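What follows is one chain in structure tokens, specifically the form predicted on its own.
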């Protein structure tokens, strides 16, 4: 570890290479976190099955590549498929836990995550898969910086999806209804907004966002039926760092997490990359609790 850190400090170009590649990957984390923040802010539900939506979307892209279809088309297909899955899950389970406490939502969505991961294991097996995309790699500065074309394409697609979501939320009547419900659900109902339909639309949209993100993940990382927890933790980490309703914060936190992961995987080793993410989550939660304790003491 010390040797890797010294090598990184002595070779700033290597740090730039890791940071750039991390930022490109971080755009996917932004999508996952945006969907989680949307459900949390509108429905007061912490969606623990967020990562399973990502993995399911990844399998869509994988099978597209396996069938000889460009996996990039799997992004749109995963969006549509997960939109339907999210709507069905809302009608079967999620509508029963709206307006309940957060602990209830955690238990319910954790149960869904187990169900989805076990189902994917039965259907797709527990093998580690990757969607073959056929894109190459660009080398800059005599090969000292390498950029995979798929990462650039994924970054661009993630930004396009994010921009489309922002436009949808600001300009469409459905998006305005979601924003109104997030601000005050009771007032929205008084104004004639069907909040139950808004909740269903919100949860389905979150699943669709994760599905599209998962299709991009399958072309960059490997996917596996039980690999969803890592993306749930990443999304949760970004949201608690940025705060609910803070889109610029989500973008900055997501991109920063991607860069930090890449640097950490180089310094500590690839096998500790996920451990770094979980460690970051623990540290930030502890920091938040200490900060909250100081605030309460100060207000007294």
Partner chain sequence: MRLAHNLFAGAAIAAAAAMAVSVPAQAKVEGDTIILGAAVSKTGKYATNGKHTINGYNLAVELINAKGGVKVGGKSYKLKIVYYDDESTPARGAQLAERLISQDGVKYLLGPYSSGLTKAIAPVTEKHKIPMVEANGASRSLFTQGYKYLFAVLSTSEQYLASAITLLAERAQAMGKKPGDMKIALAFENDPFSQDVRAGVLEDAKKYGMKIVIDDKLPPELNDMTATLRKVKVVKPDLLVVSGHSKGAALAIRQLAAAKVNVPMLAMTHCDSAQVIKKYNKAAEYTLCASQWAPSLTYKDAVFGSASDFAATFEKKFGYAPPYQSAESAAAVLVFADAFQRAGAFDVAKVRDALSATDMQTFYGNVKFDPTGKNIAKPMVLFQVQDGQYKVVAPTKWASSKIRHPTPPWSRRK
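Note that the structure is predicted; figures quoted are calculated from it, not measured. Residue numbers count along the first chain shown, from 1.
Same protein, other form: the form predicted in complex with its partner chain, not shown, and the subject of what follows.
Interface residue remark: residue 63 is not counted as part of the site for its partner chain in the model of the complex, having no heavy atom within 4.5 Å.
At the 4.5 Å threshold, heavy atoms of residue 11 reach its partner chain in the model of the complex.
When contacts are judged by a 4.5 Å heavy atom cut-off, residue 124 does not count as touching its partner chain in the model of the complex. Of the heavy atoms in residue 224, some are within 4.5 Å of its partner chain in the model of the complex. A heavy atom within 4.5 Å of its partner chain in the model of the complex is found for exactly one of 189, 132, 96, 170: 132. 274 is the sole member of 251, 274, 241, 46 with a non-hydrogen atom lying within 4.5 angstroms of its partner chain in the model of the complex. Residues within 4.5 angstroms of its partner chain in the model of the complex, judged by any non-hydrogen atom, belong to 145 to 153 and to none of the other stretches in 145 to 153, 99 to 107, 177 to 185, 83 to 91. Contact residues in stretch 13 to 32 (any heavy atom within 4.5 Å of its partner chain, taken in the model of the complex) are 14, 17, 18, 21, 25.
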